[in-house]
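Heads up, the chain below is alone and in the form predicted on its own; it's given as structure tokens.
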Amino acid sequence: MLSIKRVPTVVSNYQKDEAEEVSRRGGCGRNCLNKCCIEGAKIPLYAFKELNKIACSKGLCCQYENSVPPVAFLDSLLLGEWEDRMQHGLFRYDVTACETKVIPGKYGFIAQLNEGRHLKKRPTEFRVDKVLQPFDGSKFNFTKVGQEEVLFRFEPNENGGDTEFIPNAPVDVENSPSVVAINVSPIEYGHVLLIPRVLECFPQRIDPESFLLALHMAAEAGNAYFRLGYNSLGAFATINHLHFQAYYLAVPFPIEKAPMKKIITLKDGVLVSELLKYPVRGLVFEGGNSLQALSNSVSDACIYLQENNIPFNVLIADCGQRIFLLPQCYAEKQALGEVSSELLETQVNPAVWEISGHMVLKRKEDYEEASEENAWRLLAEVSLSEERFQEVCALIFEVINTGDAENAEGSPSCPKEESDACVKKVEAKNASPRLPVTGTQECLV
């Protein structure tokens, strides 16, 4: 069993050591999100209208071009409530005081010095060789978050009507709410967690309904500088309870500026491309006949990766209209002792934000010496090899139904007659035995 010793980053003020959890099993009394406290609670509800068509460059929020939305989703609701929690001292440090700079160079990698995010805690064992692991209620999970850390519920309008905002909506515990909560150890301004159907206690794994919810959140924000991210287990998720992350950063991410090469157009109109001239190999999904079609294509690909034990990260960009899917192998290399000590000493774990080009650094010397070359060297260790990446692409295209799809000229994906062989090679690699190796690192959610 591959495992690494981790020092978990705290994302909630109620995240405690297991020993502390044991001491309070006799009762809760914490006004948490679990059924013991949430019955009868009232939490603001943003009930969005489910529009299936991506109609303009501003995302689905262009539905309000000729009308006034019930509340400004990003500016007033999400960021306004986030700032309210900051004023009430719910964060562990002031992320707005962290030094940030754009690193000179072609790509414009962003470096942030965030020494406050480094929290020293008792190391715990965490498996990195299993993308799918069962939910464990004895470990920290988001039902233990205090209700004061929740900004609002985010759910489709159950009546199919227009978007509504209900400031004091009663919670029905039989209909598990999806909530947006603060990350008390933020990476950037407005850093929040989207937790789909929190009371159902899903482990960290993609499902179609939850992924579509994340796309709707990006679309409702209607701002290209507000992005959502997802880390699978084995790709630097550290809490095995389904969640997406999101924050606002008013600068283009390097990955968003990277050139792409079209691979294929699926029969539902979704265009799939390959990232070019970027240190991490990945696929880009965009377009489609509907938001549901785009969501289905990406979630199907994610589900196949997680079922085949391939760690991955996802960046949801451009108001939900462009999605980056990034299989990775850094944690596996780290556990096997294949990452240089120089990189390990930086304590940077390349999750979705780092892979996208926002480098969260924990040591002042790394921040002062940050360069495009250093960022590239770290991210190159994240990427699958060219051979393995193409094998994984073949595996993905098998599952997202390209029967009536249109291949681009010079497509790097495997032809149909070679596809079965490609898939078998990937499955054989993922089934191969791995050594039980440990290493030391700090975790990012």
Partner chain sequence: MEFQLGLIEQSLNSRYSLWVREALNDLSDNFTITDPSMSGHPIVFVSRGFLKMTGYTKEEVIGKNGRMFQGPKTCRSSVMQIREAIREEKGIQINLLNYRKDGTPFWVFFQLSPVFCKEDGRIIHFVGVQVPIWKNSRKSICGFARIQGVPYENEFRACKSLLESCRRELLSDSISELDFLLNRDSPPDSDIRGVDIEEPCEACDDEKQRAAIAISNILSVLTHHSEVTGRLVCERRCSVPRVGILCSSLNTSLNRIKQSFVLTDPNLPDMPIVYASDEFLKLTGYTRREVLGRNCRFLSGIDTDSSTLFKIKESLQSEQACTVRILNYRKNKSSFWNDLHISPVRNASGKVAYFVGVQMDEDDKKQDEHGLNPKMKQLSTVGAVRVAVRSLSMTVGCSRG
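The model shown is predicted, which means the values in this text are computed figures rather than measured ones. Positions refer to the first chain, counted from 1.
Not on display, but discussed next: the form predicted in complex with its partner chain.
Only one segment in the set 127-135, 313-321, 299-307, 153-161 has residues whose heavy atoms sit within 4.5 Å of its partner chain in the predicted complex; it is 313-321.
Using a 4.5 angstroms threshold between heavy atoms, E365 stays clear of its partner chain in the predicted complex. Contact annotation: A293 falls outside 4.5 Å of its partner chain in the predicted complex, judged by heavy atom distances.
Although the partner is absent from this view, A258 contacts its partner chain in the predicted complex, with a non-hydrogen atom inside 4.5 angstroms. Interface membership of L249, defined by any non-hydrogen atom within 4.5 Å of its partner chain in the predicted complex, is confirmed.
Proximity to its partner chain in the predicted complex, taken as a non-hydrogen atom within 4.5 angstroms, holds for one residue of L343, L336, A169, V71, which is V71.
The partner is absent here; in the predicted complex, the one residue of D84, E373, E200, E115 having a heavy atom within 4.5 Å of its partner chain is D84. Contact check at 4.5 Å (heavy atoms) against its partner chain in the predicted complex: none of L194, E209 and Q390 pass. Residues of 188-221 lying near its partner chain in the predicted complex, listed in sequence order, are E188, Y189, the criterion being any heavy atom within 4.5 Å.
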